[in-house]
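Coming up are structure 1 and structure 2: the same protein chain in two forms, each one given alone as structure tokens.
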Structure 1
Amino acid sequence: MARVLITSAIPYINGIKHLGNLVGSQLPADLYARYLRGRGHEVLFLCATDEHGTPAELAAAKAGKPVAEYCARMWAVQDELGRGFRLSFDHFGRSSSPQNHALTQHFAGRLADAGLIEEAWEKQIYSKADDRFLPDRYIEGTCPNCGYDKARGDQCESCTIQLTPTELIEPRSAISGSTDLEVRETRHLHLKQSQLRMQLSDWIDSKTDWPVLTTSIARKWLNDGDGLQDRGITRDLDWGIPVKRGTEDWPGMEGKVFYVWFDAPIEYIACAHEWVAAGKGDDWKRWWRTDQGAEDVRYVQFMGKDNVPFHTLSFPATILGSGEPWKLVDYIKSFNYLNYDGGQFSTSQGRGVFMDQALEILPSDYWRWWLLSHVPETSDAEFTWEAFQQDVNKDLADVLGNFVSRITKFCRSKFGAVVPEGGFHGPREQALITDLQTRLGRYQAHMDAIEIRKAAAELRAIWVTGNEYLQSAAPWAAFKHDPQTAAAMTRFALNLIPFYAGLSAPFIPDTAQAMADAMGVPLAWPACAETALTALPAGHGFTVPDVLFTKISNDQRKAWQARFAGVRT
């Protein structure tokens, strides 16, 4: 049994996330966690809300709420939506937690003791209209690289290039829209990441199994002259973790907070501490400290490609620079972007389908299957309503749902709602068992390698075998002249249902549970095809499940297309 620590990139607190956010980190992380648990491994799956920095302040101001109140409310909303999509976090934490406050301040103290933090005067934008310094995300303007007119002062959402506010063309305050801005000096703390270049380079070079997308981004940033620079870790904000050196005050840093990029990744560790504090676990250090058991842990992170630089350089720099035996990530699964109907999903612009809206329309398994089977692993992908309708109707309704409905209804009509007596497997059944054992091995190999699209394609192919078997065996025809053979065929086909349920659970957990419940068996990962396909004894009762998946009509698809053609207000 392996021990696997899984973290998903933590979502900003500023509003409900869209489907592009979901498929870029949380959903594939959940798929992997469910798969590993199904195989009997020990898993700790953590996520949290990223509650500090300008996104939280701006969203709270827009909502007319105090920041702390707004964050608490939105954490509850995101937690509920995560449950709605069946995201199986062991703990869903908050970066504003006392644990993250203490741990962030601890890391800052360790880095300072190691000589990796220096005080520096920075030139920052000051807004006369707002009477305050404007941190990066409080400034918008035109990206000098791609021309996107809503680029932020830290990064362009369109081309993902990192920016400084002074690089923006025609900058303006995100609070008031004022262009009456000027550059003033303010003192801040910088993390001297450049001193860790060789350590980071050697560490990245050792990760020969990382996806190309991850390593290419990491090496580009590491080797680019503008990449691994010393970087500010404090900001002039009211909301955030107060700047301290461990538990001691930091002279000259009064009234300042740590920059969100510094404290947010530390929340991965703090979240495990929260997990224990919530009474869900008993030892968070055995997952995070290599001197207390974590040397045997495999740590896997899931994130969109825009988060790769922080997770391959900045967060590891914090851990390495601390000089303490914290667990470093073993594997980073990164994703490209899911686009929406010819454009981009965007939380800030309100474009696309958002998690709450999706669940209003259809149950989560419809979305989970489509998103995971189209996950943007090797290139950007695109959500279109036509593709969604086609794949739901074909894969879920016509293939899986149709098979379960056909065989359970046929059995009930000819043999009653029990598994009939059946003879030995014939050549047809034995050939299918052999094929399914091969496919089971391939499916598990793809899941082990986190090759999600390939795994989804193999799972669908496994589903297809059921309908192909029924077409070939035709138990309804055999029943007319040889009821005993028809009974054997029926019993064999019924055994495919719990087999499918176990394999499908990581992708479509609700449906998998419904299939297992209908057959009156626990949901379990099959050890091998032959054992699984002889598991149901004669006389075992079952129920014919409700329709597993309802087809999406053209009228529904057109109505949803029209409803989500604009921008969410």
Structure 2
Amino acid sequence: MARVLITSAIPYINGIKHLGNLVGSQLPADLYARYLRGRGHEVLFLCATDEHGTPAELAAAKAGKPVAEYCARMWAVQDELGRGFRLSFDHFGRSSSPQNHALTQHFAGRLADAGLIEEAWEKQIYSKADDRFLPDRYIEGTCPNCGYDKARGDQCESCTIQLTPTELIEPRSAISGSTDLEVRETRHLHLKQSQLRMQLSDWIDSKTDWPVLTTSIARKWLNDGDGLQDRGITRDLDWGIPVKRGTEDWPGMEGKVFYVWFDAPIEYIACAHEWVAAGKGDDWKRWWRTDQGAEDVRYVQFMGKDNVPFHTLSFPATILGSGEPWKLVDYIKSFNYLNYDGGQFSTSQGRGVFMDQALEILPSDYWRWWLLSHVPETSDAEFTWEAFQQDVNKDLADVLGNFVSRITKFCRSKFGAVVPEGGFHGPREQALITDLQTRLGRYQAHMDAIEIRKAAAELRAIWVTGNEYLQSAAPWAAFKHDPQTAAAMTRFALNLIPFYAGLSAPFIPDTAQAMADAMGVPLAWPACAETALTALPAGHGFTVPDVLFTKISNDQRKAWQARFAGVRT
């Protein structure tokens, strides 16, 4: 039995996440967590909301609420939607937690003690009308290069040239439109990541089994230009973790907070502390401190590709720089993007299907199956309603659902709702057992390697074998002249249901549970096909489950296409 720590990239607080966000980190992380638990491993699966930063403050202002109140409410919303999608977090925390405050300040203190923090004066744009400093991209103006009048202070989206805010012609606040801006000097802390460059580079080089997407992004940042750059880790904002050096005040840093990307990854650790504080566990350092029991933990992170630099470099720099034995990530699974019907999902533009809307129209298993079996592992993937309807109807309703339906109903009509007795396994059954044992091995290998699409394809192939078996065995024909043999065939086919349920649970947990319940057995991962497929004894009662998956009709699909064609209002 192994111990595996799993974290999903923590979703930002400023709204309900769309399916692209979901499939890029939380859903695959959940799949892996459920699989490992099923295999009997000890898992700690953590996620949280990422609550700091300018966008959170602006979202709160737009909602007309104090930012703390806004975040608390949005945390509750995201927590509920996570439950709706059956995300099996051991704890869903908040980066604004007291635990994260203390831990973030602790790390800053350790880094300062190690000589890895330096203070620097910076020139920042201040908006008097908004009464705040503005990040570069929150300043708009005319591009000095191409004349585009909505260029941002970091880059012109029209001609893609890199900009600084002071280069913009007629700059204005993107928040209020005010042109009453001025450059102010402000003092900030910088993390001297450059000093850790070789250490980080060696560490990345040692990760030969990581996806190319992960290592190539890390190497780019390590080697581009002058190499890894030092990074500001503080901001002039109200909402955030106050800058402290451990528990001590930090002279000159009054009124400032840590940069959200400094405190957000630390929340992975603090979340374990929250997990204990919530009474769900009793020793969080056993998962995070290699000197206190975590030396045998395997730590796996899941994230979209946009998050990779912070997880391969910034956060490891924080940990390595602290000089303390915190657990470093062992494997990073990163994903490309899921697009929506010819364009990108967009939270800011309200484009696509959002988690709450998805659950309004269909049970979570439909979404889980489709999204996971099409997870953007090697390149960007695309969601279309036609593909969704076609794939879900075929895979879930026809292949899996109908298999359960046909065999349970056949049995009930011929033998009653009881596993029939009589007859013996023949070569056909033995051959299928052998085949399924092979497939089980392949499926597990893909899951172990977190090759999600391949795992989904193998699982589907396993479902198909049930229909193939019934077709070739044809118990309905045997029943007419040889009821004993028909009984043995039926008993064998019924045994496939709990076998399928166990294997399918990571993908479609609700349906898997319903399958196990219908057969009157606990949901369990099969140790081997031979044993699992003889588990249901003759005389064991069962119930014919309701239709597991209702098909998506063309009318439904068209209605949803129309409903989700525009932007969310």
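Numbering runs along the sequence of structure 1, starting at 1. Superpose the two forms; the largest set of C-alphas matching within 1.5 Å is the rigid core. For clarity, every value in this text was computed on a predicted model and none was experimentally measured.
**Q** Only one of these is the form predicted in complex with the RNA, so let me know which.
**A** Looking at both copies of the chain, structure 2 is the one that matches the description.
**Q** Pick from 278, 185, 547, 481: which one is at the hinge where the rigid parts meet as they turn between structures 1 and 2?
**A** Considering the domain motion between structures 1 and 2, the hinge residue is 185.
**Q** For the two-rigid-part motion between structures 1 and 2, write down the angle in ° by which the smaller part turns against the larger.
**A** Here the smaller part turns by 31 degrees.
**Q** Once you lay the two forms on top of each other by their rigid core, how far has the C-alpha of residue 170 moved between structures 1 and 2, in Å?
**A** Its C-alpha moves by 7.8 Å once the cores are overlaid.
**Q** Rigid-core fit: what Cα movement does residue 135 have between structures 1 and 2, in Å to one decimal?
**A** In the core superposition between structures 1 and 2, the C-alpha of residue 135 moves 2.6 Å.
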